[in-house]
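Just the one chain here, laid out as structure tokens, in the form predicted alone.
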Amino acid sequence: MKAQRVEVFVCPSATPADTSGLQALADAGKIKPDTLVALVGKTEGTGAHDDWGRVWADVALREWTGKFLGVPADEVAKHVIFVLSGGCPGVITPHIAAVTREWIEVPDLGSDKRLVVGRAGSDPMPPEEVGRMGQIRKVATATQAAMDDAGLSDPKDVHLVMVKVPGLTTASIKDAESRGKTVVSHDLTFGPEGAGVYANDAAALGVAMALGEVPEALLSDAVVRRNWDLYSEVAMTSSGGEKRHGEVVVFGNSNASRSNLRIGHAVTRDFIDADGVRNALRSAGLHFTDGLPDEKDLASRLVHVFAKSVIPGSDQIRGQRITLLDDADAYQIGKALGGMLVASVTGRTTNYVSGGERNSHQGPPGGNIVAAVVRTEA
């Protein structure tokens, strides 16, 4: 009988092209060509559609990974999933998290559920599908395939689904229109009607469809970024013009695991909900003392935190007016607020915090998703 053993290694990055941390892991034998599943990280830059920092990082990482695996760079996506989120404002440290998985023979399965991971790529997503049902369905199919790869059948065991999908660019819009097709938006920003947020939210609804959080019958082009009652509590999505396919990584807990890691998640209700972050740590199994996470646990057992930081559609937080919606730099400030919230609880800045868009199907209205990976005690 086979079981998974998953590890997560977090490498701070000095520049978008810094692969020295990964090379050190490879030299130490901690990551191997046949165990590397995904590279997930934050890259410095604007985070916008023209964020060359993210593109630079993607190129450098694919080149390094291709050499590490012994395959051409353009074949890396067949072996390793890349999820890179651009923009590290405030106290978010640029970093790459390497996720590894090996299969081991075990005499029987235990009763304790621990971390498993699964990956899958989607079929190509042409620009006319971005932000629409075509993208939703393809992400849903890839999410189900990633669950199957992880050995997960119960959606309740899924605590995080990370997705990177194609966005729109000037060139891809021209391509679609040259073929007589339309696109969801000509706005290439991450504003309320921008193509980037449509791509992110269609991907989130694809996850919700796969996990049964939203029935397919309720989904259509018309509900994307319109019906905020439809959402996923475990989807963290981002988009980029450099992508042509969707890439999905599913994290969950299973008794078919011999990992010494466990994952949990929770949802914050607003930008100042530190308890929501703590609840994610509790869900993953950290100890708490007097309502606060144990300092020794934070130092020795907390491995990584993944969080969204979406700007709410309202100018009210707990009954008080805020001016964030009127701020020209709201996109960056939104990410910075999320980074600060998570760091204030974890005491570290190497947290994956993606967001900045206004409203999202990633989490309930006003709330944000937080997932934590911790090391088990045994």
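Since the model is a prediction, treat every value here as computed from it, not as a measurement. So that there is no doubt, residue numbering starts at 1 and follows the sequence shown.
Separately, the form predicted together with a further copy of the same chain exists; it is not shown, and the next lines address it.
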### Task
Determine which one of 110-118, 252-260, 201-209, 166-174 lies within 4.5 Å of a further copy of the same chain in the model of the complex, judging by heavy atom distances; exactly one does.
166-174
### Query
How about T35: is it within 4.5 Å of a further copy of the same chain in the model of the complex, going by heavy atoms?
no
### Task
May I ask you to check whether N227 falls inside a 4.5 Å heavy atom distance of a further copy of the same chain in the model of the complex?
no
### Query
With the cut-off set at 4.5 Å between non-hydrogen atoms, does D326 touch a further copy of the same chain in the model of the complex?
yes
#### Entry: Touches a further copy of the same chain in the model of the complex: R244 (any heavy atom, 4.5 Å)
no
### Message
Just to be sure I understand the contacts: of G90, P124, P155, G134, which is the one whose heavy atoms reach within 4.5 angstroms of a further copy of the same chain in the model of the complex?
### Response
G90
### Query
Tell me, which of V71, L218, A77, A274 has a heavy atom within 4.5 angstroms of a further copy of the same chain in the model of the complex?
A274
### Query
What are the residues of 16-47, in order along the chain, with a heavy atom within 4.5 Å of a further copy of the same chain in the model of the complex?
P16, E44, G45, T46
